[in-house]
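Have a look below at one chain only, the form predicted alone, in structure tokens format.
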Amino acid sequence: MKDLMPLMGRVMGVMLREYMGQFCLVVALILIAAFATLRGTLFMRELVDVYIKPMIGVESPDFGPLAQALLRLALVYLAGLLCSYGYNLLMAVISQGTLKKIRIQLFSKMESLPIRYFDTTPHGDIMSVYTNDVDTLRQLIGQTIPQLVNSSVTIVITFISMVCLNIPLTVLTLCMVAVMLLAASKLGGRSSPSPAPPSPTRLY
């Protein structure tokens, strides 16, 4: 964990130096996509309280407002879908460009190494730096970072919505989450590693 944070900082530094504007646009698109998803979730209460309950028992209900609300919800979902497609496309461009920059830096650094390094290091280990290690960074930049931002925004927006809807239920939910985390930590602490298998008996 200690080595992960400096690595994240260095990768983010390389990425933001080249693609600061594009990454800010990615964050904005993630925010819009998260709001669209949350709007669809909160619409269920509005659907029942505002549109369905008033029409119960009415002989000739007017479905016009309900149709307009569903059309607006469809447009919100469409906007969220387009934003999700947009930020995934931008992150693909950002990740490939950042990896190109990292590979160029690696190659420039490797050109300055002495011949002894290449004589004592297997060729497979050298190529693994450019393939496996850099491909891991591609997953970090293209998938992990957007998912981290999206999840963080969704958690914050959901918590704010819970507080606005019902404060007692929000407090109860937080208490139950704390109890679950505490129970999981206690059970995990009591679990012991599996004992080592016995050494084979010598027959001679």
Partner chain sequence: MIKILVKQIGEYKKDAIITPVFTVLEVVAELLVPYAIAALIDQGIEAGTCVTSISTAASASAGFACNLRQSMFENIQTFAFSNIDRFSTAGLVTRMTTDVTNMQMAFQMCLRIALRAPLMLICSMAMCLLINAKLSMIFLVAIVVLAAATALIMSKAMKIYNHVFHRYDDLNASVQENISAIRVVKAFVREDYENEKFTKAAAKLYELFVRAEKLEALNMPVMMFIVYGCILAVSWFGARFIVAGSMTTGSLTSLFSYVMTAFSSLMMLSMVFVMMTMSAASGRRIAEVLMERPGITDPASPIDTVKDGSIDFDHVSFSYRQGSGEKTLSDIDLHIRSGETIGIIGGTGCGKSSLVSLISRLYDVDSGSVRVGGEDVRSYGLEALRGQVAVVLQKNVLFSGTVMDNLCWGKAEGYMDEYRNACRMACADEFVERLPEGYESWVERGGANFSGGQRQRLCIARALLKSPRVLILDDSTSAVDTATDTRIRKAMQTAIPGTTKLIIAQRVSSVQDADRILVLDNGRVSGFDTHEGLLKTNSIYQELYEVQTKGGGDFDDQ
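Superpose the two forms; the largest set of C-alphas matching within 1.5 Å is the rigid core. Residue numbers count along the first chain shown, from 1. Remember, it's a predicted structure, so these values are computed and weren't measured experimentally.
Below, we refer to the form predicted in complex with the partner chain, which is not included among the displayed structures.
- Although the partner is absent here, F159 lies well away from the partner chain in the predicted complex, with no heavy atom inside 4.5 Å.
- Put simply, S151 is far from the partner chain in the predicted complex: not one heavy atom of it is within 4.5 Å.
- Mapping the unseen interface onto this chain, D135 counts among the residues with a heavy atom inside 4.5 Å of the partner chain in the predicted complex.
- Using a 4.5 angstroms threshold between heavy atoms, T37 counts as touching the partner chain in the predicted complex.
- Contacts between 46-74 and the partner chain, taken as any heavy atom within 4.5 Å in the predicted complex, involve L47, V48, I52, M55, I56, P61, F63, L66, A67, L70, L73, A74.
- Put the two forms on the same core and the Cα of T41 is off by less than 2 Å between this form and the one not shown.
- For M176, a C-alpha deviation of 2 angstroms or more is recorded between this form and the one not shown after rigid-core alignment.
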